[in-house]
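Presented below, as structure tokens, is a lone chain in the form predicted on its own.
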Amino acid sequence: MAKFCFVIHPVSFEDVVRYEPGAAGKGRPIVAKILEWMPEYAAAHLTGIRTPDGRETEGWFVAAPLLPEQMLELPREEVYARILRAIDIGVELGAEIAGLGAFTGVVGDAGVTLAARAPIPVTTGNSLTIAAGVRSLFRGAAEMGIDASVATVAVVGATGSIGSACVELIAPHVRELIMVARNETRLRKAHAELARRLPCASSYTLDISAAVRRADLVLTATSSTSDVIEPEDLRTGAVVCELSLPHDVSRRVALERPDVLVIEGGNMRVPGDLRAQRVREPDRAFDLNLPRGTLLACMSETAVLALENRCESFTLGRGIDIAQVREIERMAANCGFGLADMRAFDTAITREQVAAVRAAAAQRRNLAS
């Protein structure tokens, strides 16, 4: 089987400390400046990814140590150069395909330029992220007793590569869909193009709060570096599925809205016995901030392509083919990947917690009636 690498970067200060524990206690401005100076490096070695029929792959996380704001604010060519250096390190380790994590797959033209310049094929992993996100949204609806066929859904970030594909996949299963984004010209054009073939009622708005207040189900897929979903905007009993890193949902929701189910939609259960060891200290595990045996869907797409010996630039650019989403979903299932258990705000969601959310929603409805 082929081997892979995946380019990672810290999406928060907490991530910096997970990657480099020596950063703990240092001021954020100092850490940000150090990240600008730090060279790319091999952060973790992933082993134990094994399909039910015995195929196995290994890979490496290679760090391009910049925060999201730095990815967006530094000169694009400088950011490209750093990502390409990270891919080169992966190649030196034996990788035959590279995945782009978080903002490395967002910056510029969503991987197109990087794929043209890289020595091996490149994928953003967005196709499997989309498949996992849509499935997670409807799983959450079922857990909350929401009949999706009569539900209103808001997709926040609907003009992005992930959001627009989610719109198409969600629409056949719901009554109404609201597309939400911040660029009015792009949003109006995207809605005009999609509305003709959507089998449900649809509308669009720039007003995130207004859309969320109307929605039974919310899916977020933005490239925002700040909160976009606030607790005061959510409907009683709503389900929010977020695919974004950094998180789109304010952590205030966990404290102030016990009647709302928030789920991270992009996590996959990995077949085999996944292990991630730090490259510099191979006797220490690398903290993925994920449950054991779990990877993000974008990481999983890269591993699946390696297992299938499909070393090709599978997902690139802003427009994603729905057929491609379905293909990688089939490949992932064939390799033994599946949706991970539900979690939110970086912690697991238990059956008891889901029951408590449903009870809180029922109580809130009773009080309002």
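Bear in mind the structure is a predicted one, so any value in this text is a computation, not a measurement. The first residue of the sequence shown is number 1, and the count goes up from there.
The protein also exists as the form predicted together with a small molecule; that form is not presented, and the subsequent description refers to it.
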Practice problem: Taking 4.5 Å between heavy atoms as the contact cutoff, choose which of A238, V249, M179, A221 touches the small molecule in the predicted complex. | Solution: A221
Quiz item: With the small molecule left out of view, which of L243, I97, A131, I83 would have a heavy atom within 4.5 Å of it in the predicted complex?
Solution: L243
Quiz item: So which stretch, 193-201, 254-262, 150-158, 115-123, is the one near the small molecule in the predicted complex (non-hydrogen atoms, 4.5 Å)?
Solution: 150-158
Practice problem: Flag R318 as yes or no: does it have a non-hydrogen atom within 4.5 angstroms of any non-hydrogen atom of the small molecule in the predicted complex? | Solution: yes
Quiz item: Is there a heavy atom of R213 no more than 4.5 Å from a heavy atom of the small molecule in the predicted complex?
Solution: no
Quiz item: Is there any non-hydrogen atom of I87 lying within 4.5 Å of the small molecule in the predicted complex?
Solution: no
Quiz item: Counting only non-hydrogen atoms and a 4.5 angstroms cut-off, does L137 reach the small molecule in the predicted complex?
Solution: no
Exercise. Given the small molecule in the predicted complex, answer whether the residues A102, V106 and I162 all have a heavy atom inside 4.5 Å of it.
Key: yes
